[in-house]
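In the form predicted alone, a lone chain appears below as structure tokens.
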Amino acid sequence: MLRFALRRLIVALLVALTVMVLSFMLTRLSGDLAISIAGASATQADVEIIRRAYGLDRPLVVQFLDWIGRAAMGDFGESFFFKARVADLIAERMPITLTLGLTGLAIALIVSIPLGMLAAVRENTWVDRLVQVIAMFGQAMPSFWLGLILMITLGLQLGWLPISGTGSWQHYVMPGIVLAFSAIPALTRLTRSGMIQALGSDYIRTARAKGLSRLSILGKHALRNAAIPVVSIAAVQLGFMLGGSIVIETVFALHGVGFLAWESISKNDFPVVQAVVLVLALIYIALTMAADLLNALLDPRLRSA
């Protein structure tokens, strides 16, 4: 198990380094950062002053190594637009994004696992086909459109839930539902296929021959093996939710990290953009690594893979 964890850690570190290189280079390829910071009305002298002040006149390799060294210590520099430390901005807004992502994942799991189990138990029946239609419908629905529909119906017409802000847990229900809809199709299909494969296995037939209850067979034996791919995709979906929450945070006026990224991109605030990309990538890498380790605990055969 230790060797398996070390291999996954090495891969995670290589991926993190690749993300750092890409995020650094893409911000430089977008244009002359000194001109973007100075503004369209700045003179050439003003641009040169800004270029020297922010170290943009140094070679790219030196800038990159300097950024890596400071980022490793938790120092991502200062925001050009907000005039504050980037680390403080991310730390202030990250709880909103994490709460939103975890809420969406919880709703997705609560809905998709029972649906997948139901479809597997009623395989090739109208129930199975209905579940697959629901999954396809959720995959095809645009998140911003669903968010607007929920705001109009649940927020404005019925008045059940607030439509914006982060004052209470009710503020995260509607955006959590919207995020969950993007993850429910994949989780439902994986649960269904895993349960169908598990229910046809020899150990399930042995459990039935021993006289175990149907609930025990489904919950204790079949679901444990069917959950292995679900764990991996759930971690991936949470990473997608955290990284792709910019639309949802904008629609529902949630000032999380996604909304911070949108503001920074529109203002050419490249220190914030670089830091947000790196932090979200590290969270995504950590989630996938945790999913691999959990899968290895559930299925020891994976440790030799």
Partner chain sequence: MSGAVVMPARRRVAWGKRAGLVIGGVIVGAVLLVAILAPWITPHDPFVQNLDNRLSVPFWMEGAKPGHLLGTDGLGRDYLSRLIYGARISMLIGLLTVVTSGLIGTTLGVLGGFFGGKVDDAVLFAITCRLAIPVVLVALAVVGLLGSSLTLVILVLGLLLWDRFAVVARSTTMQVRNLDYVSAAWAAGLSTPAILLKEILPNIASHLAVVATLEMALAILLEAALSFLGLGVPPPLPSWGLMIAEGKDYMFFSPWVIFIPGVALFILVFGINLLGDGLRDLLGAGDTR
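Residue numbers count along the first chain shown, from 1. Worth saying up front: this structure is predicted, and the values here are computed from it rather than measured.
Beyond the structure shown, there is the form predicted in complex with the partner chain, which is absent from this document and is the topic of what follows.
Undergrad: Only one of Leu105, Ile163, Ile96, Met117 gets a heavy atom within 4.5 Å of the partner chain in the predicted complex. Which one?
TA: Contact check passes for Ile163.
Undergrad: Looking at Ala91, Ile152, Leu130, Ala84, which is the one with a non-hydrogen atom within 4.5 Å of the partner chain in the predicted complex?
TA: Filtering the options by heavy-atom distance leaves Ile152.
Undergrad: Heavy atoms within 4.5 Å of the partner chain in the predicted complex: does Met141 have any?
TA: Met141: contacts the partner chain in the predicted complex.
Undergrad: If you check in the predicted complex, is Ser193 within 4.5 Å of the partner chain, heavy atoms only?
TA: Ser193 belongs to the contact set for the partner chain.
Undergrad: Within 4.5 Å, heavy atoms only: does Leu56 come near the partner chain in the predicted complex?
TA: No, Leu56 sits far enough from the partner chain in the predicted complex that none of its heavy atoms falls within 4.5 Å.
Undergrad: Are any of the heavy atoms in Leu238 no more than 4.5 Å from a heavy atom of the partner chain in the predicted complex?
TA: Close contact is absent here: in the predicted complex, Leu238 is far from the partner chain, nothing within 4.5 Å, heavy atoms only.
Undergrad: For the spot marked by Ile110, Gly176 and Ala180, is every residue within 4.5 Å of the partner chain in the predicted complex through some heavy atom?
TA: Zero of three within 4.5 Å in the predicted complex.
Undergrad: Choose from 167 to 175, 97 to 105, 144 to 152, 68 to 76 the stretch whose residues reach within 4.5 Å of the partner chain in the predicted complex, heavy atoms counted.
TA: Of the stretches listed, the one contacting the partner is 144 to 152.
Undergrad: Could you list the residues in 261 to 278 that come within 4.5 Å of the partner chain in the predicted complex, counting only heavy atoms and keeping sequence order?
TA: Counting only heavy atoms within 4.5 Å of the partner chain in the predicted complex, the contacting residues of 261 to 278 are Ala261, Trp262, Ile265, Asn268, Val273, Val276, Val277.
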